[in-house]
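Form predicted alone, single chain, as structure tokens, below.
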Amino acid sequence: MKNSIIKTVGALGLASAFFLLSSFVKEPEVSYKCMIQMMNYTGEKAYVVVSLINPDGAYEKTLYVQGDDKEWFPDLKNWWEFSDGTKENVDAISGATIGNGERNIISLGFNAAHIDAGYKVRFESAVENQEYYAVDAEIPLNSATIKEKVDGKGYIRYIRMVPNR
């Protein structure tokens, strides 16, 4: 009886140690340089939010926000509904807006397990007092096509991503 209690307690201790240690193991991160080339349009500079979209089509994580004035974040309607300004700290992942014809190169990082697993990177854009594009551009995280140029549908002319080594 005493041996079985010791074996049970030992097994539970090993299982607990395994789960505790596995919580510290992180999936490898991959990093990509991403060039955003804007269209020639009239008006203010564009706000663009870059989000990780899961295989079910739902927002999973904000990767980058182009525009640092929080007053205009609600203009990115779908993202704002997900984020509401409280779910994530975007201060560390935001930068200046860019305007018509300009380009910006940003660095995006995500979990390597998201590649070839149905995830997408979505670019949502808005310009003050002009149209809003819920999906200006979208890039499937597919190892065969991730480096292909993707055309935008709104303020973004095209997006191009390359591995960041």
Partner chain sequence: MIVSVWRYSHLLFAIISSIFLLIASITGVILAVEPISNKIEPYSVSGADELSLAETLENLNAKYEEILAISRDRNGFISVTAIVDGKNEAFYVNPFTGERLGALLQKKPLFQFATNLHRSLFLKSTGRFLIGLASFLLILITISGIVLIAKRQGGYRQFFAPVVRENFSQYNHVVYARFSLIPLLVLAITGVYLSLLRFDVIPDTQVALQVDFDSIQEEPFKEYTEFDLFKTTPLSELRELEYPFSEFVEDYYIIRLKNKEVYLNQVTGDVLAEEKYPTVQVMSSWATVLHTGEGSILWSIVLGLGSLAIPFLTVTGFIVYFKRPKTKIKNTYNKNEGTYVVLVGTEGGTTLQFAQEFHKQLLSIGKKSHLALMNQYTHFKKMEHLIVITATYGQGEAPASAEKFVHLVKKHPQKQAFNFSVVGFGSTAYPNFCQFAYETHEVLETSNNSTALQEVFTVNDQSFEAFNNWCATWSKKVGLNILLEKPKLATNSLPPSTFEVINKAEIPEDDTFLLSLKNLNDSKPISGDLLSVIPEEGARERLYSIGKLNAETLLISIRRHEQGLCSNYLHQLGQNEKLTATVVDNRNFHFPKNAKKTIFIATGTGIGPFLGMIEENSHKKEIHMYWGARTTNSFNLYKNYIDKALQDGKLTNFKNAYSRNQPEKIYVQHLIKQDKELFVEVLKKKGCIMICGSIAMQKEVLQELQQLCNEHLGKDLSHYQNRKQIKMDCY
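Computed from a predicted structure; not experimentally measured. Positions refer to the first chain, counted from 1.
FYI, the form predicted together with the partner chain isn't displayed, but the following is about it.
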Assert contact residue (the partner chain, in the predicted bound form, non-hydrogen atom within 4.5 Å, options 68, 60, 116, 138) equals 68
Classify residue 34 as contacting or not contacting the partner chain in the predicted bound form by the rule of any non-hydrogen atom within 4.5 angstroms, answering yes or no.
yes
Given that the partner chain is not shown alongside this chain, does residue 64 nevertheless sit within 4.5 Å of it in the predicted bound form, heavy atom to heavy atom?
yes
Should residue 112 be counted as a contact of the partner chain in the predicted bound form, where contact means heavy atoms within 4.5 Å?
no
Examine residue 52 and determine whether its closest non-hydrogen atom to the partner chain in the predicted bound form is within 4.5 angstroms.
no
Heavy atom within 4.5 Å of the partner chain in the predicted bound form: which residues of 111 to 135 meet that condition, in order?
128, 129
